[in-house]
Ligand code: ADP
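Quick setup: one chain, the form predicted on its own, written in structure tokens, and binding and motion questions come after.
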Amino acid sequence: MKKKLIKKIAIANRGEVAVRIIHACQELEIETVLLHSDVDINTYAYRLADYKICIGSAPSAESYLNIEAVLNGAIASGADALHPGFGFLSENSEFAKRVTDSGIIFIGPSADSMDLLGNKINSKKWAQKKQIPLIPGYEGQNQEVEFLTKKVIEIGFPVIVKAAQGGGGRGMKLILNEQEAKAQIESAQRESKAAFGSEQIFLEKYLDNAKHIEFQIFVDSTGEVVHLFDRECSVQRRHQKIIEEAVSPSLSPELRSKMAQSAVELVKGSGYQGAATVEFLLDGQEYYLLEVNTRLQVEHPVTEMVLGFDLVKAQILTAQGDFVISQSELGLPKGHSIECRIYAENPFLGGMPSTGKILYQQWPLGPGRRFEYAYEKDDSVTEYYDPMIAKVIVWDTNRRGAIKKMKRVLKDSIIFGVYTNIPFLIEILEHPDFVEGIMTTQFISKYFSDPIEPPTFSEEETQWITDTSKKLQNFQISGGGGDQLSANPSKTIFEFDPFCKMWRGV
């Protein structure tokens, strides 16, 4: 591969992944250009980037999914390369080709290898040639709703509909009976078109008692394919992951080796370059290919934590033809890592999105703790994008220790201004099935189908909250009379944290 030094990278994304890429670029002394929507001005990533170019208005179709706008912004910036992050255009082969044809390095696979592995239908055909187990279903070109409805009946309920061009739970619908088949197929096609620009979908028999296990793959600048072991991603809600781990507690050494070999074999010969994730469903001791994600994963930090390997820096160095890795160099995973996705949502109302300004935010730093966040104090969470506001990642010497540490970290994390799912995450971490590592993809629907209960207060606690509220009101109005709670009361905001049952002055 011909080497080309990268001096400036355009980032076609937002939120915590944009921040993650900027941090990697800073370590490599590479300048960054944030290609952002107008509503993402004055976000954390915006403040960190060396240069900024607005590519459109808030709706994704007018900015982050607008190929012409993103490409024009990257060209205008004078960037040598473009990193797509995850989501948006990261798995769009047309976009990858347009970027490359413009003379800009696309930090990711070629358009051809993306079409082969990233397209869910093509990857299944490729897997058949490699004799990798597949879930029964339909991956044909006939996309007429009536035809697909008949195929659903032939496969047998339950059946899952998936977008051929995407991932992350978008364009994915579960069909439980014949009566809802037509509506669910049409809904999946509409959602796929809006999220990925393509209505193409496929059908799979739904395995309702399986685990979701994925293997991180990396292909260096010489074409060497290696695996960075596995992640457990079974804790999902509405087909989106909530908690991820490395490595999975569900695999024996023999099964881990067998699945890893399948993942590596699938990518070999595809012409791929950079990071990819091969996802499987594990049903007992049998595993089936789910899909291949031809990009960086949201949950990549847990792999980095157990291997001491920086995937984003490796992506960048590989793209400039300057990275080589062997399986033996990676070594074996050490300890255990867990990631929790922090969403701006009300856990007591079933995860209803919560928008507004972040009034205060504080992360409890310490050994084996990592925080990747999209917002800082006074930033606003809007309704335009995914409500994930941060990822909390911990590492410990074993899984029990990692669970205990994560619970402590979540309880000590402070976010005011919006609701978060932190209480929900803690309940998951304390559930016996999670503690024992036996949860499946049905874990949330089985045990958490209803909103979690809000905290209850004794009569004494309720009276204390009322009394303290009055004192704080009087304190702020009088400018410091009475209880001396702050040296500068006019700039102090007091909020009650119902989960921790305490007042905080921020």
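Worth saying up front: this structure is predicted, and the values here are computed from it rather than measured. When you see a residue number, it is the position in the sequence shown, counting from 1.
Absent from the display: the form predicted together with ligand ADP. The rest refers to it.
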Candidate site Lys120, Lys162 and Met172: all three near ligand ADP in the model of the complex by heavy atom within 4.5 Å: yes
The single option of Leu281, Ala181, Ala127, Leu317 touching ligand ADP in the model of the complex, heavy atom within 4.5 Å: Leu281
Heavy atom within 4.5 Å of ligand ADP in the model of the complex - the one residue of Leu290, Ile242, Ile338, Ile104 that qualifies: Leu290
Touches ligand ADP in the model of the complex: Glu204 (any heavy atom, 4.5 Å): yes
Heavy atom of Ile135 within 4.5 Å of ligand ADP in the model of the complex: yes
Contact flag, Thr441 vs ligand ADP in the model of the complex, heavy atom cut 4.5 Å: yes
Contact label in the model of the complex: His227 to ligand ADP, heavy atom within 4.5 Å: no
Interface stretch in the model of the complex with ligand ADP - options 142-150, 233-241, 430-438, 321-329, non-hydrogen atom within 4.5 Å: 233-241
